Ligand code: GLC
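The chain below stands alone, shown as structure tokens; this is the form predicted alone.
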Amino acid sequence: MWNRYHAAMEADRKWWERGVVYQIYPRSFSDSTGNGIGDLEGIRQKLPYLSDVLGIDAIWLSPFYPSPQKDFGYDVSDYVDVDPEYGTLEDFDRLVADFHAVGIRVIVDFVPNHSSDQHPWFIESASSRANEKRDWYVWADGKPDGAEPNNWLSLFGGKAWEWHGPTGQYYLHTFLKEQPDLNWRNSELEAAMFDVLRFWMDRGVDGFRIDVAHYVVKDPELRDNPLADPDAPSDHFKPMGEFETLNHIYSKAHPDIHPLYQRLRAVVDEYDDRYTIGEAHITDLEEWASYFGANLDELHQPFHFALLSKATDRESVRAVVAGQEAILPDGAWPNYVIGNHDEPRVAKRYGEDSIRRLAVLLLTLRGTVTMYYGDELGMLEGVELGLDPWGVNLEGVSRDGCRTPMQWTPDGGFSTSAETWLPMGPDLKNRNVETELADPGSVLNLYRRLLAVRKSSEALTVGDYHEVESANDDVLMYERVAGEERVIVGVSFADSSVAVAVTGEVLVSTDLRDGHADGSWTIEPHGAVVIRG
């Protein structure tokens, strides 16, 4: 009975529950025009790599919409078009058609918290207090002395309010002053943004990654945020300066956010088999889980970001996995990520010796996987050029280094231009697709092996997760089980080789050894092994 029940559940899993999503930062993936900036046609031309070399299931495209590029696309000036730097709508349509033809889904970024100040909506809103779009953004009078309406702060530094002299009010900007916050309490704005979702789904988009999903609804009374408890855990993994002095309970995540996501989900559900995943840096697991919805009727998933900072040792990872597994609502599906466009590369956060074991961890835990472009090469952090506005305003948070161009060949292969928008990474000669494909022991070939094994295994794709007792305090052991299939994973955080007690066929070892474990298998330092028991 148990096996029949679980087999039915496993067979019914959605594509996004089974799948591996590959995040592409369009500006940095492949340049087809020779101007030093990546584009949609460049991505389309790399379809054989994504399909045949890696075998991923979906791509997530960071913003490619028209934008003044103050925040490199997260300041959108038109939600329903393509920035000429990246191509045209026709280019986008060809990309979707070609990816769909080989079974790869396409997810795009949806940026609902704010637009660019160059968006026609804001230009209208700022033209007059009487304009019909005035209330599409968050405007407020100053205090009697002319000060800001409240003490809210911008994540990018300074106050979250900008004075607008022509109309005599302040407007809210959670990020740059060039990124005014949209007012989701206005029903016309909501309807317009829902039409944006329909526009892209009509073009074949399979899902949306929702930018800063927990920020979009604020306190209607605009009350001051209280001072923060200095001992409370932060929702951010970087030094945030003055921003960390407040507890931002009123400037984000008002309870009205949940009915909003129920309405958004209803729009997405007008179309078959679509998917939503929200960026939500939330340390409180109960609050994090609330974004699934009480009836699983809000986001399909909020991103679970804990492994971006807490994959340092066995106990930390155990706590991360146990915490997510314990808090998931009935029927919800977990997810994991180890890199993205906002965080330093894995090697900088955890050290180069961690790259291989974290690849195994990411691709064998229970849940949806999101990979970040270049992580499959073990790309190192690039240089900081001072382009990222966050890094310009706050020391130690620049994202330039994790956004350097994809490394295709020892000479670059990203662009024919000698000058790319960010310079190629410091590890170009050795860490590139061409070189690593030719090296049987490369990080890329480890990822390829893991992806292939995962896809061929029901246990690794949709099976249950159970921790397994380990005799070594530096080794995390767990099993994935589906029906009669059992796969055992050992991930070592030790500085020396460690023998683990296992028996079975070795599916993947971080040193890419083949073999059979007859009661014992030796894991290399900071390595891992995947065994079918």
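Sequential numbering from 1, following the sequence displayed. Every value quoted in this text rests on a predicted model; they were computed, and no experiment measured them.
Form predicted in complex with this ligand: not shown, discussed below.
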### Query
Based on heavy atom distances of at most 4.5 Å to this ligand in the predicted bound form, which listed stretch, 335-343, 194-202, 294-302, 134-142, is the contact stretch?
335-343
### Task
Spell out, yes or no, whether the shortest heavy atom distance between residue 279 and this ligand in the predicted bound form is within 4.5 Å.
yes
### Heavy atom of residue 436 within 4.5 Å of this ligand in the predicted bound form
no
### Message
Although the partner isn't part of this model, could you tell me whether residue 400 comes within 4.5 Å of this ligand in the predicted bound form, counting any heavy atom of the residue?
### Response
no
#### Entry: Exercise: residue 211 in contact with this ligand in the predicted bound form, heavy atom 4.5 Å
yes
### Query
Using a 4.5 Å heavy atom cut-off, are 74, 156 and 179 all in contact with this ligand in the predicted bound form?
yes
## Note on the structure
this ligand in the predicted bound form has a heavy atom of only one listed residue within 4.5 Å, and of 122, 175, 275, 372 that residue is 175
